[in-house]
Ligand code: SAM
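There is one chain below, alone, in structure tokens, taken in the form predicted alone.
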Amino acid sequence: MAQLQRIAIALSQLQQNQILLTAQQQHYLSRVLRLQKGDRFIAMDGMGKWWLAQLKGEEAQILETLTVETELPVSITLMVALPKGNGFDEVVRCCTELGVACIAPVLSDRTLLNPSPQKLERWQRIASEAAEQSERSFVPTILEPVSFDAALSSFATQQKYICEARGNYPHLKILYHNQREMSIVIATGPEGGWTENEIDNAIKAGFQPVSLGRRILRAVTAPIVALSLISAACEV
């Protein structure tokens, strides 16, 4: 099915074996993708379900339910200190492609960005588009930005890491190989890194400080590297 185009739909669009297409979806399928009546495409609900569908004008006929296994065997939540500018757009896009389950943007002591409510809608749209492109079964959840201290106590999972460029900490890849947890949280810092107080608070909240290597990574690069390390380790 790799050659077929994919679109994300809402569950409310399903009517028995029909998909009621929005005006935007109709325009995208017919004008952008140049599909004609009778052409097939893949519809996905972003929560694990895919369908083979056939275009019928303002609606589409569901032909069959598809089984797709493209998700990582581990559920990864990224806590990302918001970088400046539009850097978080790239984080959402790349990490969605790599298989992240949830992205939690946080406001750290050195965060310069003060995102508007429209930003969250934009990030969720980017995640949906990236999930379509990378043939994922799920669209990752993008949480509302909160303070770093508030986020520390938000996740009950036992395996939690905070990436720190300074200090003699074990490499994330080594620790994950030893643990093999099914659900983990990884925190990456802002431009300038975490403050000592933030590292201390994270350790008190059960986070293990880890290294991503000997080089200093940009705030946009670090979450992508962290997710790549985990996905490479668990998909061998």
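All values reported here derive from a predicted model rather than from experimental measurement. From 1 onward, residues are counted along the sequence shown.
If you look for the form predicted in complex with the ligand, you will not find it shown, but the lines that follow are about it.
Taking non-hydrogen atoms only, residue 211 approaches the ligand to within 4.5 angstroms in the predicted bound form. In the predicted bound form, the ligand sits within 4.5 Å of a heavy atom of residue 191.
Heavy atoms of residue 163 reach within 4.5 Å of the ligand in the predicted bound form, making it an interface residue. For residue 217, a non-hydrogen atom is located within 4.5 Å of the ligand in the predicted bound form, even though that partner is not displayed. Contact with the ligand in the predicted bound form, defined as any heavy atom within 4.5 Å, is confined among 47 to 55, 192 to 200, 62 to 70, 23 to 31 to 192 to 200.
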